[in-house]
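Only one chain comes next, encoded as structure tokens, the form predicted on its own.
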């Protein structure tokens, strides 16, 4: 099994953490969607990371679809997204909020870093950052500091997505999560010490 992508990407890191959490052995080819566009396109016509190449040669794209496959194939009763019902919807809601925050955060960072100065539109950046902050604050309000995980008493995609979103906000957008979302910041720091998170640090 081959993971295509760099773990600086929150989407690739999400998949790498899930692979590690399920104890799945894999190789990784650290390609960037920007610097290695042509090679990335050989695996995903969109030119986006991650892709996961299975042992039989089938290639999966999109972090959500890849996570779904990994849960189906390896998760069993410890799937990172429950199979059905209210618990499934609750986990998917948080994951959608957090991956949406990643989308908006990367849009803001891309505009800021790749647009000529005379064409920058600060209100667009500010709006994206406000959306990121709103999503993070919604998850902040859910956190019980005494609980090891966000929900269900075990690791789910809610934790994994919150982890990658908080890190992107902190390092990519300079959001002061320690001050503005202290429970989320502390939760991410605890998760960072767990093997699946530590072993995938970029």
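Residue numbers count along the first chain shown, from 1. Just so we're clear, the structure is a prediction, and the values are computed from it rather than from any experiment.
Same protein, other form: the form predicted together with a small molecule, not shown, and the subject of what follows.
**Request:** May I ask you to choose, among 90, 97, 125, 106, the residue with a heavy atom within 4.5 Å of the small molecule in the predicted complex?
**Result:** Here the answer is residue option 106.
**Asked** Want to guess which of 158-166, 172-180, 48-56, 144-152 is within 4.5 Å of the small molecule in the predicted complex, heavy atoms only?
**Response** Among the candidates, contact is made by 48-56.
**Prompt:** With a 4.5 Å heavy atom cut-off, would you call residue 68 a contact of the small molecule in the predicted complex?
**Reply:** Residue-level check for residue 68: no, no contact with the small molecule.
**Message:** I'd like to check something about residue 62: if you look in the predicted complex, is any of its heavy atoms closer than or equal to 4.5 Å to a heavy atom of the small molecule?
**Reply:** The answer is yes: residue 62 has a heavy atom within 4.5 Å of the small molecule.
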